[in-house]
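The form predicted alone is given below as one chain in structure tokens.
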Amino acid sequence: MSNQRIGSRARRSRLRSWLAAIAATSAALLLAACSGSGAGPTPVASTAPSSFLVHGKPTELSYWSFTTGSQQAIDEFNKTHKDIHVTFTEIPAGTNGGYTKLFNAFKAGSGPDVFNVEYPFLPDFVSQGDLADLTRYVTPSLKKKFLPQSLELTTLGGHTYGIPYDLGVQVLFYRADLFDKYGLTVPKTWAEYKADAQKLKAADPSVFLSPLVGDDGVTMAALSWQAGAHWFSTKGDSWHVNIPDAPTKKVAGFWQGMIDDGLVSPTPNNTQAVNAAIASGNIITQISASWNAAHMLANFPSQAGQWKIAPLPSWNGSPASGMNGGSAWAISKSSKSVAASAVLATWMSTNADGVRARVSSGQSSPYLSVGAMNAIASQYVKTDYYSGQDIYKVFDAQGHGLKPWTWGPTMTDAFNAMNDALGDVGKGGSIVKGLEAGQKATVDALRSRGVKVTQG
């Protein structure tokens, strides 16, 4: 019993030390990101061996993922790499699905070598001590291939813990035919978006621009990100948490007003009811991410040629976006070969044949962190659905318009608390109170881990 207490105390001490180190160095990283300069130490050249054959046999790796096309990508990798063999296991997406499975596996010492993790949850895996430090493998020449904003999301305390894959940049999907019917203009600002909603309500009260917005934490994070919010920052050796900051309250106030004025559908987002309303033409825009472009083809095939994609409206009309989704490849600290795993992760993000194998089914539309790979991905999205529009040009503008952002190490707690509270938004509940619930859950979780916290 005493040994267990000592072990637990030691783990908490290591966790506090790690988080304190992250807190102490993240402020400098944020300043570097804002100024456009690089962050963290210069990584040394990779010392991966030229071959991973062991006694004439390939190094065996395990890979878990929820991303579309993973099996096809691994088949291509295995076909072209004779010294590394990868076994793929599909896991469900979401915090209560695949991530729970991953955390439990790591606790049991049976986690995969490589897995994909969405950016908000990467710090959580790092804080648990599950991930290998990949700094030595992300060399300066490799960094040049990635959109800088994605590298910032995989860098903590000056160390790299993931190889970026895709970015779920937000865009506006809109029914071009119904915009013409109701005399609406494609909004460049949120004020124009509201004006369109008012005009639409006057023309036909049964038709709405959007489903309920403000009823989930992920969407609120993405919209707040676009507005210039900073939910997490650091002061000395403390995390500073300010989820309901001024830009976020501005966003919350806008959508609360839209709800209170009946300018959005009362239908909760991400539900079958929303799909039915979109199919019937009762909801005519979606605030969603780049990955949704392929989903539209699958969900609403009869509406081909009726939808187009525009930059997300911003507060001042200048290009700006936040992210809803997107992930990186992470490698377990206990991997059988971190070097071989780094080869796999890098290949999946930077190799043309690997990307082609993953996206060739046409069932995904990822906006990739490696710009050169988007030319390949775009070939497999049926652009006739969007009247021949170059949708990747829109994605790219939004990707380059991403503002600096830092995720905290307890986003599972934050999102769970926010979603519970925001579930009442369509029934008279308050968006701001939902955000405040996320603030409290985050602060409580950090303090329970022995981490110093200040609040906004």
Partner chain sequence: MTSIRLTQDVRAAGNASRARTSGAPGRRGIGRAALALILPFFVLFTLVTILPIVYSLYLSLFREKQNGLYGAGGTTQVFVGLANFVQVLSDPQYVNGYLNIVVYVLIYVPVLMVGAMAVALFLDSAVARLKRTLQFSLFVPHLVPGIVASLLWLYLYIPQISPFAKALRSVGVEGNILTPGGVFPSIANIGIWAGLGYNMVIFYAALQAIPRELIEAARIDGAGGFRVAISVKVPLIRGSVGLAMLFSAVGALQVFTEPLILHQYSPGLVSSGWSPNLYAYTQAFGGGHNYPLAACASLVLAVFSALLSFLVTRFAKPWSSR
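These numbers were taken from a predicted model, which means no experiment stands behind them. Positions refer to the first chain, counted from 1.
Only in words, not in the display: the form predicted in complex with its partner chain, which the text now covers.
Scanning 76, 245, 83, 124 against its partner chain in the predicted complex with a 4.5 Å heavy atom cut-off leaves one residue, 124. For the candidate set 160, 285, 234, 116, a heavy atom within 4.5 Å of its partner chain in the predicted complex is found for exactly one residue, namely 234.
This chain is displayed without its partner chain, yet in the predicted complex the stretch 116-124 from 318-326, 377-385, 140-148, 116-124 comes within 4.5 Å of it by heavy atoms. Put simply, residue 433 is far from its partner chain in the predicted complex: not one heavy atom of it is within 4.5 Å. Its partner chain in the predicted complex comes within 4.5 Å of a heavy atom belonging to residue 104. For the chain shown alone, residue 413 is a contact residue for its partner chain in the predicted complex, at least one non-hydrogen atom being within 4.5 angstroms. The closest heavy atom approach of residue 156 to its partner chain in the predicted complex falls within 4.5 Å. Proximity of 67, 292 and 369 to its partner chain in the predicted complex is absent: no residue of the three has a non-hydrogen atom within 4.5 angstroms. Counting a residue when any of its non-hydrogen atoms is within 4.5 Å of its partner chain in the predicted complex, the hits in 263-292 run 267, 271, 272, 273, 276.
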